[in-house]
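Just one chain is shown here, as structure tokens, and it is the form predicted on its own.
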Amino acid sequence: MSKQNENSMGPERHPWVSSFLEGWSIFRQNLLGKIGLTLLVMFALMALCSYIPPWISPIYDPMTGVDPDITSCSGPCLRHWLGTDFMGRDILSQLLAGARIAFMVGISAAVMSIVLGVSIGMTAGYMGRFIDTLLMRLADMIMVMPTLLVVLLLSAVFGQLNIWTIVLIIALFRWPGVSRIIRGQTLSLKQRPFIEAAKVAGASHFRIIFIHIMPNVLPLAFLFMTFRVTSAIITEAALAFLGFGDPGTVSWGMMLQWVWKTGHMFQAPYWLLPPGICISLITLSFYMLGRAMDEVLDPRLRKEDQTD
């Protein structure tokens, strides 16, 4: 083959790059995925903009900023686009700060739970019956425990929980479902010829699990992560609304708790509706993203859509 023909073919792509580009082309054709991604970009911009208000003026600090000219709950105006709360704090600044907390809680808890679930699931599926039974019984015990009730009990015993403590507890109670799915995938992959070839070549168990099995289960783990983010955001919002959130942070659940506790639930819709709408939209966006990723990873769903 001539050098000119070789150059026309271009550099050979890595298999992971080719898989990503193929998946992206499929994702771009999915309407739910595009809507979900657009909403996520919007909330990400809100989270980034949350750092701006305190720099403009101290009165826009979401926790400590108080407008000296306003001492009670007031509606939208030029200085406060979404109005102020019962202390005269800017609601828009709180809404932006809540986006940052939602991303931090959702993504952190989801990543922790996925790392735990994938590691335990691969170990259970690969290491034999005894380890499998031990780890899966542990997963069963944690799976049947109500996460919200356990966190409420811990809050009642130890007092107000730090936001990172809440994230850790959510992660510790959200890995069992992931581990069961990953275990099933690992049991299937363990019988494949390339795993047998790796054993014959003298590869260690650690290398087989993390080099040969893990790349094949990571796409499925990423799919589950999108749903775990939604679960973590809703759990944190519920805890904050019930008064068991971190009092040192401003989250959307905390805003709802303030509007309910001060008796402005029906008197101040400009305070009540924005955090509720944001919670609904961000959970919807991750759900849409997960549905789109499900179609990218499962060719059978694409065939069904084409036949429909």
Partner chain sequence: MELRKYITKRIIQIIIIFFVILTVLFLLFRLAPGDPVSMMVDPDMTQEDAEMLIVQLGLEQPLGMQYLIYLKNFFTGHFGFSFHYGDPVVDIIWDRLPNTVLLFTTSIILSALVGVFLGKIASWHKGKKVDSIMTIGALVTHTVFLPWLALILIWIFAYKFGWFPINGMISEEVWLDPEAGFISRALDVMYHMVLPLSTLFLIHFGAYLLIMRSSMLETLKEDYILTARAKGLEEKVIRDHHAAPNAALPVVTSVGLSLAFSINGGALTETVFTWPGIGRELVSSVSQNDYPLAQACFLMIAGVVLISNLVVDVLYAYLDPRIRY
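Because the structure is a prediction, the values reported are computed rather than measured. Numbering follows the first chain given and starts at 1.
Form predicted together with its partner chain: not shown, discussed below.
Undergrad: Should W260 be counted as a contact of its partner chain in the predicted complex, where contact means heavy atoms within 4.5 Å?
TA: Yes - in the predicted complex, heavy atoms of W260 and its partner chain come within 4.5 Å of each other.
Undergrad: State yes or no: in the predicted complex, is some non-hydrogen atom of R137 no more than 4.5 angstroms from a non-hydrogen atom of its partner chain?
TA: Flag for R137 set to yes.
Undergrad: Test of understanding: in the predicted complex, would V250 fall inside 4.5 Å of its partner chain by heavy atoms?
TA: Judged by the heavy-atom cut-off of 4.5 Å, V250 is well away from its partner chain in the predicted complex.
Undergrad: Are any of the heavy atoms in P54 no more than 4.5 Å from a heavy atom of its partner chain in the predicted complex?
TA: Although its partner chain is absent here, P54 would stay clear of it in the predicted complex, with no heavy atoms inside 4.5 Å.
Undergrad: Only one of V150, I211, A201, L218 has a non-hydrogen atom within 4.5 angstroms of its partner chain in the predicted complex; which is it?
TA: Of the candidates V150, I211, A201, L218, V150 is the one lying within 4.5 Å of its partner chain in the predicted complex.
Undergrad: Though its partner chain is not shown, can you say which of S155, S108, T165, T123 has a heavy atom within 4.5 Å of it in the predicted complex?
TA: When its partner chain is considered in the predicted complex, the option within 4.5 Å is S155.
Undergrad: In the predicted complex, which of the stretches 96-104, 141-149, 218-226, 189-197 has residues with heavy atoms within 4.5 Å of its partner chain?
TA: The contacting stretch is 141-149.
Undergrad: Spell it out for me: taking its partner chain in the predicted complex, does every residue among M265, I279 and Y287 have a heavy atom no farther than 4.5 Å from it?
TA: Yes, each of M265, I279 and Y287 comes within 4.5 Å of its partner chain in the predicted complex.
Undergrad: With the partner left out here, which residues of 209-237 have a non-hydrogen atom within 4.5 Å of its partner chain in the predicted complex?
TA: Stretch hits, in order: I234, A237.
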